[in-house]
Structure formats: structure tokens, C-alpha cells
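Next up: just one chain, as C-alpha cells, the form predicted alone.
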Amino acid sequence: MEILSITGTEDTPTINFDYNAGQFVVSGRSLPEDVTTFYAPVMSWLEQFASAPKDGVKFDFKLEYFNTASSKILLDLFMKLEEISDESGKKFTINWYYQESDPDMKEAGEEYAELVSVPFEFVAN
């Protein structure tokens, strides 16, 4: 699988999905003007990943901030991971990073964790 690498900006997150290295990271701020267009390559990459998922993969979400439109697409992404896990029998973990000084970000991760069966690990920075 090809590496999905998107360099972040002030309004978009850095995305690095490297299948061979086993690194799957979304970091930074997510408030793109057109969230669907921005995340389309991520969803497309996950479709490819679904054809040969690895067991025990950890997806690292190190977001500083995300807007309402991004929150919906993040849920779609987590639901896609849940679907891939359910269909393949492979287990994934979502590592949700947050600043200890930002309880809202931790709470957002906890809300996502309640909505999908993929386990969340919470990592305070």
C-alpha cells in the first residue's frame, strides 16, 4: 500500500498513514474549509486498507482542535475502522492524545469511544 502523507497547515491536520511501518497518525488542527474533500484521500486509503488490514494496528489521533464539520468526519472514520475490524476480525486501537489542560478534548474522545466498538486508549500529554 502506498503511504498517505498530507502535510498539515494552520487549518488542516498532518496525516501520515504508513502501512509498512505500521504508523497511522492524524495530528494538528482540523478545520478545513471543505472537510469532505480534505478527508476524501483518508477514506479512500481506508478502503484500500480494508482489503488487507493488519492486526493490532494503533491509530494515533493527536488533535489540538477540530471543528464541528471535522467531528462528523472523524466519527465516519472511526466507524469505518469499526467496520473493517468487524469484517476482518482484526483488532485495532485508537490512541486519543490530549493535553491535560484541555478536558474538552479528552471528553470528545470519550464520546467517540462510546459510539464505536474499537477500543480507545487515552494518552495525556
Partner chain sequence: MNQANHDISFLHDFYKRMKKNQVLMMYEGEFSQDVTKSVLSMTENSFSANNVDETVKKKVYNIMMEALQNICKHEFKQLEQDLPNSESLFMISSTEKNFHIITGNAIEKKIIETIKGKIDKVNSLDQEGLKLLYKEARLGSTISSVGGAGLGFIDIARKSGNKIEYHFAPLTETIFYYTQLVTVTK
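Residue numbers count along the first chain shown, from 1. Note that the structure is predicted; figures quoted are calculated from it, not measured.
Not pictured, yet referred to below: the form predicted in complex with the partner chain.
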{"property": "Residue (of V26, L77, V35, V57) lying close to the partner chain in the model of the complex, criterion heavy atoms within 4.5 Å", "result": "V35"}
{"property": "Contact test, all of F66, K72 and E114, partner the partner chain in the model of the complex, heavy atom 4.5 Å", "result": "yes"}
{"property": "4.5 Å heavy atom contact, P103 and the partner chain in the model of the complex", "result": "yes"}
{"property": "Proximity of Q99 to the partner chain in the model of the complex, heavy atoms at 4.5 Å", "result": "yes"}
{"property": "The partner chain contact at D11 in the model of the complex, heavy atom, 4.5 Å", "result": "yes"}
{"property": "Contact flag, I84 vs the partner chain in the model of the complex, heavy atom cut 4.5 Å", "result": "no"}
